[in-house]
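This document starts with one chain, in the form predicted on its own, laid out as structure tokens.
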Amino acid sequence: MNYSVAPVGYVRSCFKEKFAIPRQPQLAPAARGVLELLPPYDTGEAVAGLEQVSHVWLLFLFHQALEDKPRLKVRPPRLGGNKSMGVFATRATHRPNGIGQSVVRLEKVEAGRLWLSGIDLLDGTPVLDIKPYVPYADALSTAVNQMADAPPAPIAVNWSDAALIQAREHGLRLCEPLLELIEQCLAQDPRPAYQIPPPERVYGVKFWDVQVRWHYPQADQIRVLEVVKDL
């Protein structure tokens, strides 16, 4: 039997590209966005009571990773991309129905809009449902995950003088914590775990409307080179 679902809204996010998005929510508290709700959910009735909630679960579609052929095994980044595991033992983006879930902080509630932080969602992500986070039921002190029992150790992020000035200026222009967003996301080390790039290789990604470029002067260190407005 087939079922059909429709989005209740779409996320407008600081993340314009998949690269460098934190692999789990809450790892970058400065990552912010807005969930714009669609009719008939874009009224005060649908969100009444959410002002009492600090966090919500979002069920969404990995809309840029949908596949016709199901994957039974995947290579999770947490294991370096070199080891296969059953798809149901991971949170890989290659899901049987393309469904993901994230717990995010609810900063502000408006009729038709939810203001969010700590997100790990690409701009334009379709959201299928919203559920309040319930601490006594959702935070289980006895839960165990031997593969991911702690967040990955962050990598050091350093700045060129010019990039630091640029990040501060663009952050003021955007009215967003851009410097913190860059540091928090890059500290997760977005490169594939098996990759050791030469120092001259420059990486880049778009946050909001700026391009951030960096390299690895050492394998365990990132240096931000520039933060420039995207043309």
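Since the model is a prediction, treat every value here as computed from it, not as a measurement. Residue indices: 1-based, along the sequence shown.
The protein also exists as the form predicted together with S-adenosylmethionine; that form is not presented, and the subsequent description refers to it.
Judged against S-adenosylmethionine in the model of the complex with a 4.5 angstroms heavy atom cut-off, the residues L61, R91 and L122 are in contact without exception. Checking N97, S160, S84, Q101 against S-adenosylmethionine in the model of the complex, a heavy atom within 4.5 Å turns up for just one residue: Q101. A heavy atom within 4.5 Å of S-adenosylmethionine in the model of the complex is found for exactly one of K16, R223, R23, R12: R23.
When contacts are judged by a 4.5 Å heavy atom cut-off, I196 does not count as touching S-adenosylmethionine in the model of the complex. Of the heavy atoms in L50, none are within 4.5 Å of S-adenosylmethionine in the model of the complex. Contact annotation for A65: at least one heavy atom lies within 4.5 Å of S-adenosylmethionine in the model of the complex. In short, of 32 to 40, 176 to 184, 162 to 170, 53 to 61 it is 53 to 61 that has heavy atoms within 4.5 Å of S-adenosylmethionine in the model of the complex.
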